[in-house]
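Below sits a lone chain in structure tokens, taken as the form predicted on its own.
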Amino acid sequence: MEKVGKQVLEYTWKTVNPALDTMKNMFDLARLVDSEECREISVLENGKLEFGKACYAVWNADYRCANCTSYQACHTHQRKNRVEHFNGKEYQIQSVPVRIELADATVYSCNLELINFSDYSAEYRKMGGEQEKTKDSLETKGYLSTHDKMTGILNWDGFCKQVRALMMEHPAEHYLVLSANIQNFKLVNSLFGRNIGDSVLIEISEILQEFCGTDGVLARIGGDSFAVCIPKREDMERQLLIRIKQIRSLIESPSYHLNIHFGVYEVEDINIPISIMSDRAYMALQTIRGNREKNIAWFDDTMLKNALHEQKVISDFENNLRSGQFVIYLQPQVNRFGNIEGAECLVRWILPEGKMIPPFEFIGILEQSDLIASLDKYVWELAAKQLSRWKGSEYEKLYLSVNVSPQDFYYVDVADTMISLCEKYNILPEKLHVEITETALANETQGNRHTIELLQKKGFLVEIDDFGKGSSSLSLLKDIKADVLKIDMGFLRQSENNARGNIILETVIDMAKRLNMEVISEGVETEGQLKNLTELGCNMFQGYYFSKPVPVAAFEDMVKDGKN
């Protein structure tokens, strides 16, 4: 069923064929097409895919059509239209991007082609239009359409088509698909020049071509990325390690060590798309990226499970946000007399049935998919709304702190958003504290300094969060005039019962006070830590010794009852 306001049609493997049957009654030709492999596809009753003839065979052609709208639609997620003329007929083609959830829960992207055709009109002939276009003008023919110019091996298009042809010709064979990436290859061009970089890529392609042999398929699919498909071999790893050693020897320099990583996917079903096979090999590769000791990783079911979880978190995020599944929990911030002065807002994901999803299962995914800014804005608004509810009540004197992640500065005008929320809910800016991580400040000091100054000018209190976790702490204190310093819990643990740590901790607390900054020690878990920090001069605390993060109602009860 199509999502409202979206360009992409979404189906399950059970609903796609009935929808396709309906469209076949409305168009001269309706079909599903894999635009990477240039083939028609069918979704079988068991939820698996079956690949058919080349999609351009409708024109009696041998190569992908020039201006292929299905390819464009798949990559832009936008519907496309074109008109083709062939053998005296005019073809009006709509290409609609489609996502299908297969039986194993994998989401597969392809295209729905809807085609109507008719004879050329007399008016078209009178206007001097071509009666028909030759096959050469309909297609991108020749070597360059399927091969990489520099290395001479296949490109991604050629790889998809040749691997599919290989698997259809030898369906009983067992195959491995490999994804390869050179570690920090940009440094090669920077240190040795682009000519050396290009020659290294050519030599690597020759080494990998030797590894593939005559029964394998090799492609360069990006700047320093390669794809391989070979029949399964018992000595594959041994042979691959020999090639890795050869590749490492291509550059001998104390300033750079050439290294390459491989992810390996053992194909269990040749009827899944080549793009999904390659994705799974890449998932395996990602688990060892940057590892100097390990160069080969095999895909397993755990990776698939994690990938499906990530896919679901991302695809369902907007709906879950709108339905109110993300809520704020509050962790008290307590002064040295045991009184709660405010709390830090922490997001929690509560499913409709009441199950809580731990933050580590979704925060990292949202950060990697650039969705964390949307979640942060939502949390900021929940905090502002809660402060508005407290006005005129016994909780009116409390403040709430909200977190600003590094990505927020790229996607959100932080100062403008905070100011707008205070105006919308008629709350004092001093009640909404803004926590900015040391990492975010270190990465964008100049731009973020202006944001901090503007927030403070409007009455907000700005806190440097996770102090001591990064490597630019003292520089930040010199350049950023924040109001509150939150000492990182890891730094605190390292300082317990440690004379040197206590000296550093006492110095930081004293320095912050001399800079007119308040100090909050977070991560306080024991009475011993609390006593030690109090003796060192800290006056505000946060941690499990007082309370874990709790729902708003439980926090209100704590304040009401005077409990710590």
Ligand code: C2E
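Keep in mind that what you see is a predicted model, and the values were worked out from it rather than measured. Heads up: residue numbers just count along the shown sequence, starting at 1.
Keep in mind the form predicted together with the named molecule is missing from the figure; the text below concerns it.
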property: Region of this chain that lies against the named molecule in the predicted complex, out of 311-319, 403-411, 278-286, 186-194 [heavy atom, 4.5 Å]; result: 403-411
property: In the predicted complex, the residue from Val524, Val519, Leu533, Val33 that sits within 4.5 Å of the named molecule by heavy atoms; result: Val524
property: Listed residue (Gly152, Pro359, Gly213, Gly324) with a non-hydrogen atom within 4.5 angstroms of the named molecule in the predicted complex; result: Pro359
property: Full three-residue contact with the named molecule in the predicted complex, heavy atom 4.5 Å, for Gly342, Asp483 and Lys513; result: no
property: 4.5 Å heavy atom contact, Gln331 to the named molecule in the predicted complex; result: yes
property: Contact of Val347 with the named molecule in the predicted complex (heavy atom, 4.5 Å); result: yes
property: 4.5 Å heavy atom contact, Glu435 and the named molecule in the predicted complex; result: yes
property: Any non-hydrogen atom of Ile363 within 4.5 angstroms of the named molecule in the predicted complex; result: yes
property: Stretch 357-383 - residues with a heavy atom within 4.5 Å of the named molecule in the predicted complex; result: Pro359, Ile363, Ile372, Asp376, Val379
